[in-house]
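To begin, one chain is listed below as structure tokens, in the form predicted alone.
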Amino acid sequence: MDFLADINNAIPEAALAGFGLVGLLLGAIGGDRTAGLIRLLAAVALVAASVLTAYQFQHPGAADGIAAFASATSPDGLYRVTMFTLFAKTVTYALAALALLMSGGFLKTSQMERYEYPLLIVFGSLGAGLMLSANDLMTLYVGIETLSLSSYVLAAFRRDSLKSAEAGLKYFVLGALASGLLLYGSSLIYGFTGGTAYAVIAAAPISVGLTFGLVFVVCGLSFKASAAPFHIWTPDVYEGAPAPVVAFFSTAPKIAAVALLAHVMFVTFGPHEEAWRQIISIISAASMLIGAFGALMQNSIKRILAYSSISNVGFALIGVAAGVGNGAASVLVYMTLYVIATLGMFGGVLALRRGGRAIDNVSDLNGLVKQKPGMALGLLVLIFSVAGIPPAAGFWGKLQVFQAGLQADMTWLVLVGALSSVVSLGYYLRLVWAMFMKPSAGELDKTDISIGIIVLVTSLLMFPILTVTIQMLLETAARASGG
């Protein structure tokens, strides 16, 4: 009975695991003829997981945390979700479903429609959910590796492309290094605290060995979030991987990785905040500056968005550095607004094709407003939101993390963020200039209607008039963070 109760508490992940196994069997029997059906069913499974996770907000024990799978070494459970992680998981699963839905046209056009693709998305999302729900370093590692192994294959999914193969190889090699750092840090923490359960680590006194272990764990988690100086894989992987894969990488795993880093810092190492605050602050500042200045030199849209993601992770880490009291809600708000806008931006990149070939150069956007005015206006709103230009919704997210930094007396970090925001306008406005001020670069193909709808919906969500949406998001994030 206890096992059934534990499964019930972990029902979103159990549902994804069950669907993944059934989908694998269906694909093995039907082959690639079932790819379209499996992709649709996978999107439904991810939406169902998102709904089930959101429903857990109403669980009587959600405020104190829902625990499952207790063991002798982890009496509080190997699996545990809080309001904070429930919020992150709900958004993660929903975005994974949207990224999967809008990939159909690209997969068919590029002759990449294979049944393994949606299953890898499902298993990757399962890993993201597991690592967010982890209450023990071993469970955390299993979740991270489940996501990572799926991601390595997805990055190299276009087997006839040398760039895609290179992206997958680079991601795998650097990811293996990051996993080694995480495991080494975990072993140090185990040696100096006597356990791997979050509660045991939080209760242990600070020591030199624990601090070293903390640093290695932060390095491993920063790689997953693509925060500097562990960002080196991001531009190459974003450029080489297929566009729908990058749309997935930059949204669902992104918010999961940042929320995981925040959760581990707040919960596992919360009592040792002074030991890691400066580390996170330096990573945040480096990410903002490297992302902002690195994107200025790029002509590839994918590489620009890759550096943009590095910079935006840096902004979110201001909220992490500010601590759980000041910054938890701001991290959720900022990352939610960022990943929604990013999904729409990658949707626009997916939608724009010329002569059957995907575009990737900034000059390919020239004169977009004359050919596709709706798409150009939607991308304008999304770009303004990611850039944090008022009154777009992204501005309010950036304001939240800046306020958290000021409340935590981290004025210098907020000033670095302000400088990075100004520098980033150089490449964001370059995209706008190309779309609205340059002559047309040639006739574009017809836009896939599903992608057009996603660009429309995401741009409307970022539209400044929808202040009700922003207010609801702020209130939900405050509730999720215990504020």
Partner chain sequence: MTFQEIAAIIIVLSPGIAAAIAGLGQRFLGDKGSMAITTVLVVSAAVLAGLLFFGQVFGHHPEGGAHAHTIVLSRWFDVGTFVVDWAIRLDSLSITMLFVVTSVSALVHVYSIGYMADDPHRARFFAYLSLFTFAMLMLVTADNFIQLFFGWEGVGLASYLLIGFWYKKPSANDAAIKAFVVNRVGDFGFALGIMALVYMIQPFAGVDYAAMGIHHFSSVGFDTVFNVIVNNAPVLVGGSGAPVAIQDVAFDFLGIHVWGLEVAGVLLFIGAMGKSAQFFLHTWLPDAMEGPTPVSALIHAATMVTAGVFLVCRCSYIYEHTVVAANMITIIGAVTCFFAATVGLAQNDIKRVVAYSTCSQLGYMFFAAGVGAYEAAMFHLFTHAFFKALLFLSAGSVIHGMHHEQDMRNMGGLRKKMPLTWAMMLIGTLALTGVGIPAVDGLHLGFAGFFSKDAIIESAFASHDAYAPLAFWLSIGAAFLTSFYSWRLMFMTFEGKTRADHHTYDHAHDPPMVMAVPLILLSVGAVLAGLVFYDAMVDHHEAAFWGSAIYNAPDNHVLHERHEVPLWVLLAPAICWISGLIFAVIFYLLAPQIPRKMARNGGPMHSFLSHKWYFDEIYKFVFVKGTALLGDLFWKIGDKKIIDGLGPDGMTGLTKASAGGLSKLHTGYIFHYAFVVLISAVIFVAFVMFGQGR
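Keep in mind the model is a prediction, meaning the values are calculated, not measured. Residue numbers count along the first chain shown, from 1.
Not on display, but discussed next: the form predicted together with the partner chain.
Phe216, Tyr141, Phe157, Phe249 - the one with a heavy atom within 4.5 Å of the partner chain in the predicted complex: Going through each option in turn, the one that passes is Phe216.
Candidate from Leu183, Leu377, Ala202, Ile279 lying within 4.5 Å of the partner chain in the predicted complex - any heavy atom: For this set of options, the contacting one is Ile279.
The partner chain in the predicted complex: contacted by all of Val44, Ala134 and Leu149, heavy atom 4.5 Å: Checking in the predicted complex: none of Val44, Ala134 and Leu149 is within 4.5 Å of the partner chain.
Among 164-172, 93-101, 262-270, 312-320, the region lying within 4.5 Å of the partner chain in the predicted complex by heavy atom distance: Selected stretch: 164-172.
Contact label in the predicted complex: Arg80 to the partner chain, heavy atom within 4.5 Å: Outside the cut-off, so no.
Distance check, Gly105 to the partner chain in the predicted complex, heavy atom within 4.5 Å: No.
Partner contact for Ala176 in the predicted complex: the partner chain, 4.5 angstroms, heavy atom: No, no contact at 4.5 Å.
4.5 Å heavy atom contact, Leu120 to the partner chain in the predicted complex: Because no heavy atom of Leu120 falls inside 4.5 Å of the partner chain in the predicted complex, the answer is no.
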